[in-house]
Structure formats: C-alpha cells, structure tokens
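Only one chain comes next, encoded as structure tokens, the form predicted on its own.
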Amino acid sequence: MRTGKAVVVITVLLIGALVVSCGPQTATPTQAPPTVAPTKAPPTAAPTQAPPAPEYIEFGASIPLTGKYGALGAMVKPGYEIAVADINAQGGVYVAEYGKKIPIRLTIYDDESDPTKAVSKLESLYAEQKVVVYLGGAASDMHAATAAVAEKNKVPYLGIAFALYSIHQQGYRYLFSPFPKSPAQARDVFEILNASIPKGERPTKVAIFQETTDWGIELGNLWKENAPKYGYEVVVYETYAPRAEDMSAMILKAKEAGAETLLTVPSPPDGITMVKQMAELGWTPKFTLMIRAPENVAWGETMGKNGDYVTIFPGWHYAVNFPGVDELNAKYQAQFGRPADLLTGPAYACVQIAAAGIEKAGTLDRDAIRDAIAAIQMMTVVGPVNFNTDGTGNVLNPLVQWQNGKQELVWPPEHATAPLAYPAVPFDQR
C-alpha cells in the first residue's frame, strides 16, 4: 500500500510539473537581481568654437608726406603699403585665437612734418580705428613725439628712419626700431674709413656741423667722442638751427681749418642749402657723411654733380642680398620705375615683424603682441633682426654713396655695388 501511494504522489508531482512547464513562463525569482544604474558615457567636451574674428587687423601710421620731411615719408609709405598688400595676398595673418587668417587694414595720415599733428593722428587711430599696431613716420624728432603716445596707449610701435638713441633710454616698452642708432653711426663711420683707406691717405681732420635738435646734439657729441679713438681730430664743431638760410660762416671756418671730413645730419632742405653754399665757397671735403638729406632720389635730380660723393647711413639699400628683396624691387619698379628707395626696405620690414609678432602671439591682444615682438628673431628684407631690451634693433648698418647720380652701396663689401669713391673731386672740377 505504501508503494502505491508513493507512485500516486510522484505521478501527481510529475503531472504538476508538466502543467507548470507547459504554462506561461512567469516564474517569479526568489531574489531580485541587484539594480545596476545605467552606465553614463564619459562627458563629451563640447566642440570649442573660435570667437567671431574681426574683419581686419587694424594697423595705423602717421607719416610726414608733406613739409620738411616729406621726401623721407614718401619712401616710408610705399614700404608699408607693399608689405600689407603682400601679406593680404596670402590671406592675411594667421591668428590662432580665431583659427583663421585675417587681412590687415592700414590707415595712414599725413602729419605734415609737425610733431603736434602726428600726436593727434596717433590718438585718432587709437580711438577710432582701435589699432593693434602703430607704424611710425620719419625723422627722429617726429618719433620722439609719437613713441610717447604709443607708450601711453600701450600699443606696439615699430618705427624706422630715425637714429635717435636717447628715446630708447626712457624705459619705453612698446617701442621697437629695426634701424641703426646713433652709437652705431658714430662708430661705424670711422671704422669704415679706416678699413677702406690706407692710413696715410685718411681724412683725419674732421668738421662737425651739428643741427640744434635732440638727434643733432646726440650724434654730434658721439662723433666728437669717437673721433680721437680712431685717429681723427675734430678741428671744427659748429651748430646751426633747422631751416638756416646762411651757412657760410661755419663752412668758411671748416675750409680755413683744413677740414677733410664733414659729418652732419641736416633735413633735406638744409642739406641742399649746405652743399650749394659749400660749392659756392669752394670747400670740398674729401669725405662727407650727410645722414638724412641725400636719402631721397630727388637729391640727385636737384643737386646734379654737386650731389655726388656724399655718403649716407640710411639703414638699407636695394642691392642687399636678403630674402624678399628682389620681389620688393620688382614691385617697386613696376610702380615707380626704379628699385625700392632707401627707406622703403626698412618700412617693409616693420610690417613683416609686426605680422610675425601677431602670429607668434596667436591673439590680437596688444600686450601679447608686444611680448612676441620683443622676443622675435627673424629674417626680413633688411636681414636678420632681433631686439634689445630697450627696443633697439640689431641690424645691418650699410653705407651708401652718391656716385654719378646714383646711390651705390659701398659697405659692407659682401653687399657692395661699388667701392667707396675717395677722395671727392672738387666741386669746380666735376
């Protein structure tokens, strides 16, 4: 009996099991599995979008296109314009902050060779154009006025066509000048003479005609200080005010003292007056360094043969063998019918440096651009350039001489187009 009951129980259990297995699969687990929170994907950084880029990078310049320095400004302006056009032809300057190239817009004002007007023009460029870079004009007294504006407004300022050194000793942080300064000019003239002329033939008796301006005083004193170090004697040191009409007294003093070298820095009008009166009074120095006045091509046209033999430290010459010079000369030739003028190359280099500084900074923040320019080391059309802490540039200081109505590069020898013409032929024998 027990066995039968067991079979019945097993049979019932089996039947029950079959019923359950054939029914809906809705088994309820005895223990719920642990709840696992959905795995969150790591946060995806939203794509960084560059801020809207400005339409232009604003450059501004105040240049003496008229007035006593108009001949200098006329050489500076095309250098800026051609450089800007070249950069814009490549799309502009790459600015990392915006992730794109941005063209330069250059605004130029004529300050009429008036420092007060130049200051006003730079203030307008800052207030109205919101410039990120200033490009300077021409002549030391003009830069002395405008560099102070750049410092006040904290805008990087690149300027050439001025050799005044004292302005760089005022603690200015925003002033940069890829151009030879007075200490180099005062030293190099004697070093070049000694390297070019045999000792017994050197013009050792020196006359200095000092213009009564900051730069005239600075360079005159440096020439006087350097002369004896190189075996030269200053026999005449005369001063004159700008726009002097009669320079005969100091010319006659130099002639009577037997001066063989003339060192002076007249403006273009004063240089013309000086040489005309030297010819009239029959004094022909064997060697003349006349910085500034003979830099424009108009010198040769105005002075004729009397303008020959005069030398200049202009900061550049179209024959220097540096990258980009041939291309600059070709563009200038197409526009003006001659190779680039003496101040055009340094002006072009200012734009090259400013653009490189912006790209290096990666932003249009003026302080960042200033710091980038201060640290820059680059090749330009004036050669390799870098800056000292006072903003003076380490650059080549070529000597140029008027010969047969042309500006010839006479120093250094590796770039020269002609040897130094020495001694000068007397005016009445030309």
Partner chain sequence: MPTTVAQSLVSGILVGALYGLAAVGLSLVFGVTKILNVAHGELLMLGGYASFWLFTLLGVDPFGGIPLSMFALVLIGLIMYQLFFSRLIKLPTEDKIRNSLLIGFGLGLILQNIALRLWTADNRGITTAYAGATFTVLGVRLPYVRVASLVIAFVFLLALQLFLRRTYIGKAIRATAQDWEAATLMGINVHGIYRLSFVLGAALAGAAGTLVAVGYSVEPVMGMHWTLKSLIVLVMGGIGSIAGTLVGGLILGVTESAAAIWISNYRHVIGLAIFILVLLIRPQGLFGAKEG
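Positions refer to the first chain, counted from 1. Computed from a predicted structure; not experimentally measured. Heads up, when I say rigid core I mean the largest set of C-alphas that superpose within 1.5 Å between the two forms.
FYI, the form predicted in complex with its partner chain isn't displayed, but the following is about it.
When its partner chain is considered in the predicted complex, residue 65 lines it closely, a heavy atom lying within 4.5 Å. Contact check for residue 239: a non-hydrogen atom falls within 4.5 Å of its partner chain in the predicted complex. Although the partner is absent here, residue 282 is a contact residue: one of its heavy atoms lies within 4.5 angstroms of its partner chain in the predicted complex. Taking the partner from elsewhere, residue 212 is found to have a heavy atom lying within 4.5 Å of its partner chain in the predicted complex. Three-residue candidate spot 222, 228 and 424; no residue lies within 4.5 angstroms of its partner chain in the predicted complex by any non-hydrogen atom. Remark: of stretches 228 to 236, 262 to 270, 198 to 206, 320 to 328, the one touching its partner chain in the predicted complex is 262 to 270 (heavy atom within 4.5 Å).
Shown without its partner, this chain lists 253, 101, 286, 360 as candidates; in the predicted complex, only 253 has a non-hydrogen atom within 4.5 angstroms of its partner chain. Among 303, 356, 184, 95, the residue placing a heavy atom within 4.5 Å of its partner chain in the predicted complex is 303. Once you line up the core between the shown form and the other one, the Cα of residue 188 stays within less than 2 Å of where it was.
After superposition on the rigid core, the Cα of residue 117 moves by 2 Å or more between the shown form and the other one.
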